[in-house]
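Just one chain follows, in the form predicted alone, and it is written as C-alpha coordinates.
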(Lines give C-alpha, C1' and ligand atoms only; values in the text may rest on other atoms or scores of the structure.)
Protein backbone atom coordinates (compact mmCIF):
# COMPACT_ATOMS: atom_id res chain seq x y z
CA UNK A 1 0.00 0.00 0.00
CA UNK A 2 1.32 3.43 -0.86
CA UNK A 3 2.19 5.80 1.93
CA UNK A 4 2.28 8.88 -0.28
CA UNK A 5 0.68 11.64 1.81
CA UNK A 6 -2.22 13.62 0.41
CA UNK A 7 -3.42 17.05 1.49
CA UNK A 8 -6.35 16.66 3.87
CA UNK A 9 -8.72 19.58 4.49
CA UNK A 10 -11.26 20.12 7.24
CA UNK A 11 -14.07 21.94 5.45
CA UNK A 12 -16.39 21.98 8.45
CA UNK A 13 -15.88 21.18 12.13
CA UNK A 14 -18.45 18.96 13.78
CA UNK A 15 -18.84 15.70 15.63
CA UNK A 16 -19.48 12.04 14.99
CA UNK A 17 -18.46 10.04 11.93
CA UNK A 18 -17.02 12.48 9.38
CA UNK A 19 -18.14 12.90 5.80
CA UNK A 20 -15.13 12.50 3.50
CA UNK A 21 -15.48 14.10 0.05
CA UNK A 22 -13.50 12.99 -3.02
CA UNK A 23 -13.37 15.35 -5.99
CA UNK A 24 -13.82 14.84 -9.72
CA UNK A 25 -11.42 15.25 -12.64
CA UNK A 26 -9.66 17.53 -13.48
CA UNK A 27 -10.41 19.47 -10.30
CA UNK A 28 -9.52 19.45 -6.61
CA UNK A 29 -11.28 19.63 -3.24
CA UNK A 30 -12.56 23.17 -3.89
CA UNK A 31 -15.37 21.80 -6.06
CA UNK A 32 -17.20 20.78 -2.85
CA UNK A 33 -17.30 24.25 -1.25
CA UNK A 34 -20.88 25.06 -2.24
CA UNK A 35 -22.14 21.65 -1.09
CA UNK A 36 -20.51 22.11 2.31
CA UNK A 37 -22.28 25.45 2.73
CA UNK A 38 -25.60 23.58 2.55
CA UNK A 39 -24.71 20.69 4.90
CA UNK A 40 -25.96 20.57 8.53
CA UNK A 41 -23.64 22.52 10.81
CA UNK A 42 -22.97 19.59 13.15
CA UNK A 43 -21.33 17.44 10.50
CA UNK A 44 -17.56 17.06 10.33
CA UNK A 45 -16.63 17.40 6.66
CA UNK A 46 -13.23 16.42 5.32
CA UNK A 47 -11.83 16.44 1.80
CA UNK A 48 -8.59 15.47 0.12
CA UNK A 49 -6.80 16.47 -3.02
CA UNK A 50 -6.27 13.18 -4.85
CA UNK A 51 -2.76 12.26 -6.12
CA UNK A 52 -1.28 14.95 -8.33
CA UNK A 53 -4.33 17.22 -7.96
CA UNK A 54 -4.48 20.54 -6.13
CA UNK A 55 -1.92 20.59 -3.34
CA UNK A 56 -1.24 16.83 -3.27
CA UNK A 57 1.96 15.38 -4.71
CA UNK A 58 2.23 12.40 -6.99
CA UNK A 59 3.92 9.42 -5.39
CA UNK A 60 6.10 7.04 -7.33
CA UNK A 61 3.33 4.51 -7.91
CA UNK A 62 2.05 3.54 -11.36
CA UNK A 63 -1.18 5.29 -12.24
CA UNK A 64 -4.13 3.46 -10.68
CA UNK A 65 -7.25 4.15 -8.68
CA UNK A 66 -6.04 1.51 -6.25
CA UNK A 67 -3.03 3.71 -5.48
CA UNK A 68 -5.38 6.68 -5.02
CA UNK A 69 -7.58 4.71 -2.63
CA UNK A 70 -4.61 3.51 -0.61
CA UNK A 71 -3.27 7.07 -0.40
CA UNK A 72 -6.64 8.30 0.87
CA UNK A 73 -6.74 5.54 3.49
CA UNK A 74 -3.18 6.29 4.63
CA UNK A 75 -3.88 10.02 4.86
CA UNK A 76 -7.11 9.86 6.86
CA UNK A 77 -5.81 7.19 9.22
CA UNK A 78 -2.75 9.33 9.91
CA UNK A 79 -5.20 12.08 10.93
CA UNK A 80 -6.91 9.70 13.37
CA UNK A 81 -9.93 8.93 11.19
CA UNK A 82 -10.78 5.23 11.07
CA UNK A 83 -14.42 5.35 9.95
CA UNK A 84 -16.04 7.76 7.49
CA UNK A 85 -18.98 8.26 5.20
CA UNK A 86 -17.22 8.51 1.83
CA UNK A 87 -18.75 10.40 -1.07
CA UNK A 88 -17.15 10.95 -4.46
CA UNK A 89 -18.12 12.66 -7.69
CA UNK A 90 -17.01 11.22 -11.03
CA UNK A 91 -13.36 10.17 -10.54
CA UNK A 92 -13.93 10.61 -6.82
CA UNK A 93 -16.69 8.00 -7.08
CA UNK A 94 -14.29 5.58 -8.75
CA UNK A 95 -11.85 6.11 -5.87
CA UNK A 96 -14.66 5.70 -3.31
CA UNK A 97 -15.53 2.31 -4.79
CA UNK A 98 -11.87 1.27 -4.75
CA UNK A 99 -11.66 2.41 -1.13
CA UNK A 100 -14.74 0.35 -0.21
CA UNK A 101 -13.15 -2.66 -1.89
CA UNK A 102 -9.65 -2.32 -0.44
CA UNK A 103 -10.41 -0.72 2.95
CA UNK A 104 -13.99 -1.75 3.79
CA UNK A 105 -13.52 -1.17 7.51
CA UNK A 106 -13.00 2.53 6.79
CA UNK A 107 -16.17 3.10 4.73
CA UNK A 108 -19.40 3.18 6.77
CA UNK A 109 -21.53 4.74 4.04
CA UNK A 110 -21.01 5.35 0.34
CA UNK A 111 -22.13 8.35 -1.72
CA UNK A 112 -21.77 8.04 -5.49
CA UNK A 113 -22.40 11.29 -7.35
CA UNK A 114 -22.35 11.53 -11.16
CA UNK A 115 -20.16 8.47 -11.49
CA UNK A 116 -20.40 4.83 -12.52
CA UNK A 117 -19.28 1.41 -11.34
CA UNK A 118 -18.49 0.02 -14.79
CA UNK A 119 -15.14 0.14 -16.60
CA UNK A 120 -14.39 2.34 -19.59
CA UNK A 121 -15.27 1.20 -23.07
CA UNK A 122 -12.33 0.55 -25.36
CA UNK A 123 -13.03 3.87 -27.10
CA UNK A 124 -13.17 5.85 -23.86
CA UNK A 125 -10.01 4.19 -22.58
CA UNK A 126 -8.12 4.99 -25.77
CA UNK A 127 -9.29 8.60 -25.59
CA UNK A 128 -8.04 8.95 -22.01
CA UNK A 129 -4.65 7.59 -23.00
CA UNK A 130 -4.45 9.96 -25.98
CA UNK A 131 -5.20 12.93 -23.72
CA UNK A 132 -2.63 11.77 -21.15
CA UNK A 133 0.01 11.50 -23.88
CA UNK A 134 -0.82 14.95 -25.22
CA UNK A 135 -0.68 16.53 -21.74
CA UNK A 136 2.68 14.89 -21.11
CA UNK A 137 3.97 16.02 -24.50
CA UNK A 138 2.73 19.61 -24.24
CA UNK A 139 3.34 19.96 -20.50
CA UNK A 140 0.15 22.02 -20.31
CA UNK A 141 -3.46 21.24 -19.39
CA UNK A 142 -4.76 22.74 -22.64
CA UNK A 143 -6.14 19.36 -23.69
CA UNK A 144 -8.69 19.43 -20.84
CA UNK A 145 -9.45 23.15 -20.67
CA UNK A 146 -12.55 22.65 -22.81
CA UNK A 147 -14.06 20.11 -20.43
CA UNK A 148 -16.62 22.49 -18.85
CA UNK A 149 -18.52 22.23 -22.13
CA UNK A 150 -19.24 18.55 -21.44
CA UNK A 151 -19.17 18.64 -17.63
CA UNK A 152 -22.01 21.14 -17.30
CA UNK A 153 -25.61 20.45 -18.22
CA UNK A 154 -27.50 22.47 -20.79
CA UNK A 155 -29.45 24.30 -18.09
CA UNK A 156 -26.24 25.45 -16.42
CA UNK A 157 -24.68 26.54 -19.70
CA UNK A 158 -27.70 28.73 -20.41
CA UNK A 159 -28.68 29.91 -16.93
CA UNK A 160 -25.53 29.69 -14.76
CA UNK A 161 -23.05 31.45 -16.98
CA UNK A 162 -20.38 31.94 -14.34
CA UNK A 163 -19.82 28.22 -13.83
CA UNK A 164 -17.87 27.72 -17.05
CA UNK A 165 -15.30 30.36 -16.08
CA UNK A 166 -15.12 28.97 -12.55
CA UNK A 167 -14.38 25.46 -13.76
CA UNK A 168 -11.83 26.71 -16.28
CA UNK A 169 -10.04 28.62 -13.52
CA UNK A 170 -9.80 25.48 -11.37
CA UNK A 171 -8.63 23.33 -14.29
CA UNK A 172 -6.03 25.85 -15.44
CA UNK A 173 -4.08 25.62 -12.16
CA UNK A 174 -3.80 21.82 -12.18
CA UNK A 175 -0.43 20.27 -12.96
CA UNK A 176 0.04 18.40 -16.24
CA UNK A 177 1.65 15.44 -14.50
CA UNK A 178 -1.33 14.99 -12.22
CA UNK A 179 -3.83 15.33 -15.07
CA UNK A 180 -2.01 12.70 -17.15
CA UNK A 181 -1.64 10.35 -14.15
CA UNK A 182 -5.36 10.62 -13.32
CA UNK A 183 -6.38 9.88 -16.90
CA UNK A 184 -4.24 6.76 -16.97
CA UNK A 185 -5.56 5.68 -13.56
CA UNK A 186 -9.17 6.00 -14.72
CA UNK A 187 -8.43 4.19 -17.99
CA UNK A 188 -7.08 1.20 -16.05
CA UNK A 189 -9.99 0.79 -13.65
CA UNK A 190 -12.01 -2.44 -13.56
CA UNK A 191 -15.76 -2.89 -13.23
CA UNK A 192 -16.57 -2.53 -9.52
CA UNK A 193 -20.30 -3.23 -9.60
CA UNK A 194 -19.68 -6.27 -7.38
CA UNK A 195 -18.31 -3.97 -4.67
CA UNK A 196 -21.72 -2.32 -4.48
CA UNK A 197 -23.51 -5.65 -4.38
CA UNK A 198 -21.44 -6.72 -1.39
CA UNK A 199 -21.39 -3.39 0.46
CA UNK A 200 -23.45 -3.61 3.66
CA UNK A 201 -23.67 0.06 4.64
CA UNK A 202 -26.06 2.74 3.39
CA UNK A 203 -25.54 3.94 -0.19
CA UNK A 204 -26.67 7.12 -1.94
CA UNK A 205 -26.62 7.29 -5.74
CA UNK A 206 -26.99 10.83 -7.10
CA UNK A 207 -27.02 11.95 -10.74
CA UNK A 208 -27.78 15.10 -12.68
CA UNK A 209 -30.69 14.52 -15.03
CA UNK A 210 -28.65 16.18 -17.82
CA UNK A 211 -25.43 14.26 -17.11
CA UNK A 212 -24.09 13.18 -20.50
CA UNK A 213 -20.87 11.57 -19.22
CA UNK A 214 -22.29 9.21 -16.58
CA UNK A 215 -25.99 9.37 -17.46
CA UNK A 216 -28.96 8.31 -15.29
CA UNK A 217 -28.83 4.80 -16.77
CA UNK A 218 -25.43 4.29 -15.12
CA UNK A 219 -26.87 5.54 -11.83
CA UNK A 220 -29.77 3.10 -12.12
CA UNK A 221 -27.28 0.28 -12.68
CA UNK A 222 -25.44 1.17 -9.45
CA UNK A 223 -28.64 1.65 -7.47
CA UNK A 224 -29.91 -1.76 -8.52
CA UNK A 225 -26.64 -3.37 -7.42
CA UNK A 226 -26.76 -1.56 -4.07
CA UNK A 227 -30.47 -2.10 -3.44
CA UNK A 228 -31.24 1.61 -3.26
CA UNK A 229 -32.93 4.29 -5.37
CA UNK A 230 -31.46 7.05 -7.50
CA UNK A 231 -31.64 10.68 -6.44
CA UNK A 232 -31.93 12.59 -9.71
CA UNK A 233 -30.96 16.27 -9.65
CA UNK A 234 -33.05 18.37 -12.05
CA UNK A 235 -31.42 20.95 -14.31
CA UNK A 236 -27.95 19.58 -13.65
CA UNK A 237 -25.23 17.84 -15.65
CA UNK A 238 -22.10 15.93 -14.60
CA UNK A 239 -21.10 18.60 -12.05
CA UNK A 240 -24.26 18.45 -9.93
CA UNK A 241 -22.27 19.36 -6.81
CA UNK A 242 -21.46 22.70 -8.44
CA UNK A 243 -24.61 23.15 -10.51
CA UNK A 244 -27.15 22.25 -7.79
CA UNK A 245 -25.20 22.07 -4.52
CA UNK A 246 -28.24 22.27 -2.23
CA UNK A 247 -29.75 19.16 -3.81
CA UNK A 248 -26.52 17.21 -3.54
CA UNK A 249 -26.01 18.36 0.04
CA UNK A 250 -29.51 17.16 0.95
CA UNK A 251 -28.77 13.71 -0.48
CA UNK A 252 -25.44 13.46 1.37
CA UNK A 253 -26.99 14.70 4.62
CA UNK A 254 -29.64 11.98 4.31
CA UNK A 255 -26.90 9.40 3.72
CA UNK A 256 -25.04 10.62 6.80
CA UNK A 257 -28.23 10.41 8.87
CA UNK A 258 -28.81 6.83 7.71
CA UNK A 259 -25.27 5.88 8.74
CA UNK A 260 -25.79 7.40 12.20
CA UNK A 261 -29.10 5.56 12.58
CA UNK A 262 -27.73 2.20 11.48
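Numbering follows the first chain given and starts at 1. Just so it is clear, the structure is predicted and the values come from calculations on it, not from any experiment.
What follows is about the form predicted in complex with a small molecule, which we do not show.
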The small molecule contact at residue 239 in the model of the complex, heavy atom, 4.5 Å: yes
Interface membership of residue 185, the small molecule in the model of the complex, 4.5 Å heavy atom rule: no
4.5 Å heavy atom contact, residue 181 to the small molecule in the model of the complex: no
4.5 Å heavy atom contact, residue 128 to the small molecule in the model of the complex: yes
Candidate stretches 196 to 204, 24 to 32, 62 to 70, 215 to 223, one within 4.5 Å of the small molecule in the model of the complex by heavy atom: 24 to 32
Option touching the small molecule, based on a heavy atom within 4.5 Å in the model of the complex, out of 84, 132, 91, 167: 91
